[in-house]
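Heads up, the chain below is alone and in the form predicted alone; it's given as structure tokens.
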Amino acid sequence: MTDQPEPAPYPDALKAELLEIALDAAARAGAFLRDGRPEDLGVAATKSSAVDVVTEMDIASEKMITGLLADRRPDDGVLGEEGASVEGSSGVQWVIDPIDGTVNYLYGLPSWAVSIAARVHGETVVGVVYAPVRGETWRAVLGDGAFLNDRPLHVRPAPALGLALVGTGFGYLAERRARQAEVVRELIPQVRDIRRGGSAAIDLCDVATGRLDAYYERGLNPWDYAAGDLIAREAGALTGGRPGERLSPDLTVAAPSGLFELLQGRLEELGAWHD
């Protein structure tokens, strides 16, 4: 089991301010992405491979969010998927995914989201994930619980591993995908079933909401999991990477206590943390 950090005594006024800004930025960017999506939307660039795509809307969404943050809190740092990088001097860093689930967005599928987290001295204190097409906003503040719209969230009670509905995702490099497929081949007879939604942020929130019993994935970056991780933890999930480690690009695992340990141990046996 991975130890969960105790909430630090951050001022309530700061947490409330950061939450308000995150909600506002996510709502504005989400509405822009939902209402402004071109019918002929195409790929603007690729990253790690030909299927790891960036659209013009990813870039525009990140600019919209970073512009709002610069206006509201000009001394904060920023880390964004599409290249935004500001060091900052306030101790606050914003971690942004302007479209989590870009391939879903490109194809017109509904499971994509805007993900915004605020860290204070390296600890995530606010997380917001907004899925506009689904009409759902998840939010969490460190130590104050997690919510879907205005409904408090709690993870499902831990089932046996064989009865667990598990979410996962796949990377963009062919070699990694082949290895991940091998892990799924070994794991799927040992669980209820496996789902692949296409948005890590939504998958983590679906654990918090009880729509998934667990979630794991290799190859995520901080902007993929920062907000969803906090939301899952505030809903009662444990999160981590390999046994004894926190979640990282090597491996991200989220599940309620009792299932978390079983799934994490099985993923370690299967070598899910390496290609």
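Don't overthink the numbering: it's just position in the shown sequence, from 1. Computed from a predicted structure; not experimentally measured.
Another form, the form predicted in complex with D-MYO-inositol-1-phosphate, is not on view; read the next lines as being about it.
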Quick check on residue 234: any heavy atom within 4.5 Å of D-MYO-inositol-1-phosphate in the predicted bound form?
no
Looking in the predicted bound form, any heavy atom of residue 217 within 4.5 Å of D-MYO-inositol-1-phosphate?
yes
Taking heavy atoms and a 4.5 Å cut-off, does residue 102 contact D-MYO-inositol-1-phosphate in the predicted bound form?
yes
How about residue 151: is it within 4.5 Å of D-MYO-inositol-1-phosphate in the predicted bound form, going by heavy atoms?
no
Taking D-MYO-inositol-1-phosphate in the predicted bound form, would 107, 134 and 206 all count as contacting it (heavy atom within 4.5 Å)?
no
Choose one stretch from 167-175, 70-78, 152-160, 86-94: the one whose residues place a heavy atom within 4.5 angstroms of D-MYO-inositol-1-phosphate in the predicted bound form.
167-175
Heavy atom within 4.5 Å of D-MYO-inositol-1-phosphate in the predicted bound form: which of 128, 118, 200, 146 fits that? Just give me the one.
200
Which residues from 142-160 come close to D-MYO-inositol-1-phosphate in the predicted bound form, meaning a heavy atom within 4.5 Å?
none
